[in-house]
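Next comes just one chain, in structure tokens: the form predicted alone.
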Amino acid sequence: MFQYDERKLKDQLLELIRLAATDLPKDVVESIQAAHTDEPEGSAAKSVFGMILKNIELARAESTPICQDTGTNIYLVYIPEGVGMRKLTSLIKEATAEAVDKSYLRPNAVDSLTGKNSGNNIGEGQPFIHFEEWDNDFIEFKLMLKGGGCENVSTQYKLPDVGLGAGRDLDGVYKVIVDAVNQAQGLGCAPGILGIGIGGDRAASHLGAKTQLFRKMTDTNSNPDLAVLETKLKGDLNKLGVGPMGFGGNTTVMGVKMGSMHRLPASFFVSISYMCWAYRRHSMTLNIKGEVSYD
């Protein structure tokens, strides 16, 4: 049976939160550096990317949040058979409250009915934790911090969309994604990274879109049709010229990550989860010996 030291695991989860809030992953930093290089000298876009890179450097050095909006804490947790979810949920919440005390997170969980802030980033649905059981003999915690600005420009379409001339096919999917980025027009702290969920019901489609955002920037979709579409969309969206923070430039999106699910014949949803340049995600694995590794 899989066992672990609860107190130690709480501290390890706290470190996962610290990393997510203050230290962008290597693949994300390299994408931003590449975008900075691609902009002409003296341009507004070059200047914006320079400031973003300086922000990343300072946040890592000082262990301070990269952005004042530390966002919704979104967890995907993969567990071996027999591992209880309630105890892990409790430990994640303990680590979250301590992260607020240490100023890795901002207290931003607000009761939707009363407007009252819980004060510790914990509330109904906060943090968001999705569990899945798997056959591996270790636990993996994936954490993403998603700010309100980029969440506000995330959206969902229902195909067919007559106004956009988008049918129930990959060409229709392409059209609604281009429309969503056009509608965002630099909001959501561009350049963005897009997680796309095709199919499912409304809720599953949104979750599928967010799940895509846990992929590495450099990976290739295992579905060849989606791999081609991801590449095409990235190239075409960057021709829009929106650029970082809407100042214009060569990079409007840094990546497009797509997944599909089965659906009812009557419904065809396309969900677009827009992530800002502060693409804060890290993961942690805990093996049966109690050893952890971070990525």
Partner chain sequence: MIKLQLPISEAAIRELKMGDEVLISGLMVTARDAAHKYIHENWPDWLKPIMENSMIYHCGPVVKKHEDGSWSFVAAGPTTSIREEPYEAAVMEYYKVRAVIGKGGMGEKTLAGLAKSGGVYLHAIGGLAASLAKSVVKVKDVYMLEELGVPEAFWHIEVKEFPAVVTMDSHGGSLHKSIKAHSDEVAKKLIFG
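Positions refer to the first chain, counted from 1. Note that the coordinates shown come from a computational prediction; the quantities given were computed from them, not determined experimentally.
Form predicted in complex with its partner chain: not shown, discussed below.
In summary, the region of this chain contacting its partner chain in the predicted bound form, judged by heavy atoms within 4.5 Å and restricted to 124-132, 218-226, 185-193, 205-213, corresponds to 185-193. Though the partner is left out of this view, residue 274 does not reach within 4.5 Å of its partner chain in the predicted bound form, counting heavy atoms only.
Among heavy atoms of residue 26, none comes within 4.5 Å of its partner chain in the predicted bound form. For the chain shown alone, residue 259 is not a contact residue for its partner chain in the predicted bound form, no non-hydrogen atom being within 4.5 angstroms. Among residues of the shown chain, residue 51 is one whose heavy atoms approach its partner chain to within 4.5 Å in the predicted bound form. The contact residue chosen from 89, 72, 156, 117 relative to its partner chain in the predicted bound form is 117, the criterion being a non-hydrogen atom within 4.5 angstroms. Residue-level contacts in the predicted bound form: of 149, 80, 199, 160, one residue has a heavy atom within 4.5 Å of its partner chain, and it is 149. Within 4.5 angstroms of its partner chain in the predicted bound form, the stretch 11-32 places no non-hydrogen atom at all.
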